[in-house]
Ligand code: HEM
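Given next, in structure tokens, is a single chain: the form predicted on its own.
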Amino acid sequence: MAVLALLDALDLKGFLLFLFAFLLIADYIRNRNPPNYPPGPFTLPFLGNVFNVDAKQPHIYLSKLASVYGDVFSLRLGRDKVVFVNSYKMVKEALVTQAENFADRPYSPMASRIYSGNAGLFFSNGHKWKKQRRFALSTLKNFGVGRNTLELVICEECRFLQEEMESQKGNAFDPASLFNNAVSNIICQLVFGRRFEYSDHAFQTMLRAISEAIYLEGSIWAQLYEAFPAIIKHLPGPHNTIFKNYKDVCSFIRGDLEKHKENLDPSDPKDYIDSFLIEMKENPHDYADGFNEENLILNTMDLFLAGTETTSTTLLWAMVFMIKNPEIQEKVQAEIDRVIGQSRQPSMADKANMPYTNAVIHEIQRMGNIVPLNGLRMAEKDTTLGGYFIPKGTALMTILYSVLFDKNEWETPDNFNPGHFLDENGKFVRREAFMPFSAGKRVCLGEQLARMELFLFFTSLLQKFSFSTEEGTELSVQGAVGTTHIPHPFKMFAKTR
């Protein structure tokens, strides 16, 4: 009996060894790279390089890999392979020169669970994406983006923000929530047709949910979900908070959508939601066009993400860099006093006469590095990039950090230097390697809005206040990275000038 039991055990061990060897061979064959594929570090069977990536500073880790393997290299993240593109030259090649080929998004397990298919503005592809992006751009333009009407809305919100800062009565405060409220209210005007009070509980809950989800999307848990969705979706962990938060945001939007349907006047649309509902009713569309209520909710959520987090984070970095560079803060204020004075609010017409302030805002965006890693793209057809073969369907990520800090493009890439955007006569100079909004077909659709907001909020704040922090406190320029790169929490003083 003992001999039979031993033979059975050996048979079981033999079977398990055979199964393991079979899986190893299958994994190797499935993930074998084609000839002339971009190089990369050694990958573990089944896992790839998912545990090699530094979740806290992924852009730094990836740029270090580029110094070893070149500006076009590859990693395997669980079941998927991704080609990474580093440096201004190669990012421009991918996003601008080959814009048509790298316009679509690859499949994402996390996105497919949130957006349930080809939906929304960020993750949709093909005909639906083009149709919805075109409609969103034209609608936002109709409601004032790039025009004087929206400028007045932003200026009004600047006054509310100034009042909130004055109410601190000289005490140190954390500006994060104030900036989030102010910036979000601009997109609220465009989407909901109204602003929210900073004390509105539901509004605050939604903003916190968005910020938390965006941060967690850059965490190791999100990376693991993307790499091993069949396993991770059954496990507890912070990745579940991402789905819960986006569900809560959609519920908030759905509630406002019902109010819009009740009060809709087809002859007088007030905002993006009204315009979308009217388009659904008055113009027949195929389902593939995306004009349905579920897609409206997801589009609205995407507009919130695009219209709130990045701009409010940029304003936070503006405070960090102005506090750390008081001499630059004073030069900006001197230009504001000379061009605008103290008796009226700034306007977009002032921008052309304020090259130094404009240069400082651009340098804040560059050094702030708000979106270090771009959204994933996918090759529509076989192509070459940097001399390497990129097969059809390959996921590709451009490292925007590498563009904004490219040593071949910026004189002092690691230092805060507004001179990057000024010529020898002090006039503003545009730089091709300035890509905080990405480039190509998927360039940020809120770029024009963000530029207006940054100029008006920044100049109105420095016109009214001088900013500093507690004595002995050194603010860090090494922020925390999720989907966006945000400063570590800090407190500041706003002294009325």
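Just so it is clear, the structure is predicted and the values come from calculations on it, not from any experiment. When you see a residue number, it is the position in the sequence shown, counting from 1.
FYI, the form predicted in complex with this ligand isn't displayed, but the following is about it.
*Asks:* Would you check, heavy atoms only and a 4.5 Å threshold, whether Arg254 touches this ligand in the model of the complex?
*Replies:* Flag for Arg254 set to no.
*Asks:* Given that the partner is absent here, does Gly290 sit within 4.5 Å of this ligand in the model of the complex, heavy atoms only?
*Replies:* Contact check for Gly290: no, nothing within 4.5 Å of this ligand in the model of the complex.
*Asks:* Is there a non-hydrogen atom of Leu456 within 4.5 angstroms of a non-hydrogen atom of this ligand in the model of the complex?
*Replies:* Close contact is absent here: in the model of the complex, Leu456 is far from this ligand, nothing within 4.5 Å, heavy atoms only.
*Asks:* Is Arg377 close enough to touch this ligand in the model of the complex, meaning at least one heavy atom pair within 4.5 Å?
*Replies:* Answer yes; at least one heavy atom of Arg377 falls within 4.5 Å of this ligand in the model of the complex.
*Asks:* Taking the partner as it appears in the model of the complex, which of 215-223, 161-169, 323-331, 114-122 has residues with heavy atoms within 4.5 Å of this ligand?
*Replies:* Going by heavy atoms within 4.5 Å, the stretch is 114-122.
*Asks:* Please identify the residue among Ala182, Val72, Val91, Leu140 with any heavy atom within 4.5 Å of this ligand in the model of the complex.
*Replies:* Of the candidates Ala182, Val72, Val91, Leu140, Leu140 is the one lying within 4.5 Å of this ligand in the model of the complex.
*Asks:* Within 4.5 Å of this ligand in the model of the complex, heavy atoms considered, which of Ala306, Ala209, Met110, Ile336?
*Replies:* None of the other options qualify; the answer is Ala306.
*Asks:* Spell it out for me: taking this ligand in the model of the complex, does every residue among Ile187, Val371 and Ala450 have a heavy atom no farther than 4.5 Å from it?
*Replies:* All three within 4.5 Å in the model of the complex.
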